[in-house]
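Okay, so here's just one chain, in structure tokens, the form predicted alone.
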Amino acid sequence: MSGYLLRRVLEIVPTLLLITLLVFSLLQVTGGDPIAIMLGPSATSELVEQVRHELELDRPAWVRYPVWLWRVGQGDLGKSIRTRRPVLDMILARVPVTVTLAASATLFSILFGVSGGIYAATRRGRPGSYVVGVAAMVGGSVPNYFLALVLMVVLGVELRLVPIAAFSIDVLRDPQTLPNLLMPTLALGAGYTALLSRITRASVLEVLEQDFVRSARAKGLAEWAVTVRHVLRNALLPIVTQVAINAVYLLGGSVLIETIFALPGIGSLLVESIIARDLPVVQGITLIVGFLFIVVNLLTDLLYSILDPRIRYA
């Protein structure tokens, strides 16, 4: 297991370096002068050059990249052009909101997506299976921003069950903000729940056709025991893959939902930084999300090797 882990870690090093190179290139290929835009049209050329020198943007890219990479390795993502605050501090201040929203939507998708997929597969051809299939198709077809607006009108305006703008979802420190999490979770998690439901159904149906399942039933095991002990365990690999992918996409894809519901998360910070052309912050967020993709893929591979030890020797 340790050899497999070491091999997987070494394999991701070139990918990490490529991500840093692509993220660093954002500042080079973006049109316009971010320093001039930040200071405004009334700024003198001397002031623009002074700020550019302070941010070390007057040096060649091939000189700045190794220095920037060394600083990134030490946890220094630079300073915001707009606020002059450390980028890492700005991102960490927004992490709890985004992580809470992503974790809530992930849990929602697992509970309803996996259970719905298992139900549809084990009751294939029955009305309940078709209901789950139609719900999954609708949930996967409706854009999350449209669903968010519908939920705001129905639950927030008409029924007045939850506040329209969440502003805070710090449920660990303030449990009273838990209702604020309802609409963002539904809007963000609906599409991923539908996708996970379809994948779970397909995976379970494939396992149900295997000989060992028929053997388990022939031995007189209860249907629930066959489903839990034999079917679900052997259908987990594609489900685990999709859950891991969904979790990272939820972290990086909450931009619209955080903006619609006025949530102070990483997504809204990214929108603000793009509008203000605060490229160091955009670089930092992009780098962190890319790093999360790599880490989640690594953890998924390790989980694979635990669920199916044969993978370690492939």
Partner chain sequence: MGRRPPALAGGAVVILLLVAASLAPLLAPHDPIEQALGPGLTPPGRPFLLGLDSLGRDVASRLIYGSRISLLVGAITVSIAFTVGLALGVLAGYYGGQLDRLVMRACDAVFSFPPVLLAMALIAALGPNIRNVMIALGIVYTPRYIRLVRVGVLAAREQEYVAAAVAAGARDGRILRLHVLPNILGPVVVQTSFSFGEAIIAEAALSFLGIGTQPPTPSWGLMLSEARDYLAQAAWYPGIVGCVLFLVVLAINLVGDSLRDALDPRSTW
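Because the structure is a prediction, the values reported are computed rather than measured. Numbering follows the first chain given and starts at 1.
Keep in mind that the form predicted in complex with its partner chain is not shown, yet the notes after this line are about it.
Engineer: Of the listed stretches (213 to 221, 231 to 239, 183 to 191, 126 to 134), which one has a non-hydrogen atom within 4.5 Å of its partner chain in the model of the complex?
Structural biologist: Careful reading of the contacts points to 126 to 134.
Engineer: With a cut-off of 4.5 Å between heavy atoms, is A120 one of the residues that contacts its partner chain in the model of the complex?
Structural biologist: Contact check for A120: yes, within 4.5 Å of its partner chain in the model of the complex.
Engineer: Does the 4.5 Å heavy atom contact test between Y249 and its partner chain in the model of the complex come out positive?
Structural biologist: Although its partner chain is absent here, Y249 would touch it in the model of the complex, with heavy atoms inside 4.5 Å.
Engineer: Indicate whether its partner chain has at least one heavy atom within 4.5 Å of a heavy atom of L18 in the model of the complex.
Structural biologist: L18 belongs to the contact set for its partner chain.
Engineer: With a 4.5 Å heavy atom cut-off, would you call Y304 a contact of its partner chain in the model of the complex?
Structural biologist: No, no contact at 4.5 Å.
Engineer: So which of M152, L77, V243, V226 gets a non-hydrogen atom within 4.5 Å of its partner chain in the model of the complex?
Structural biologist: Partner contact (heavy atom, 4.5 Å) among the options: M152.
Engineer: Give, in sequence order, every residue of 141 to 163 that has a heavy atom within 4.5 Å of its partner chain in the model of the complex, or say none if there are no such residues.
Structural biologist: Residues within 4.5 Å: S141, V142, P143, Y145, F146, L149, M152, V153, V157.
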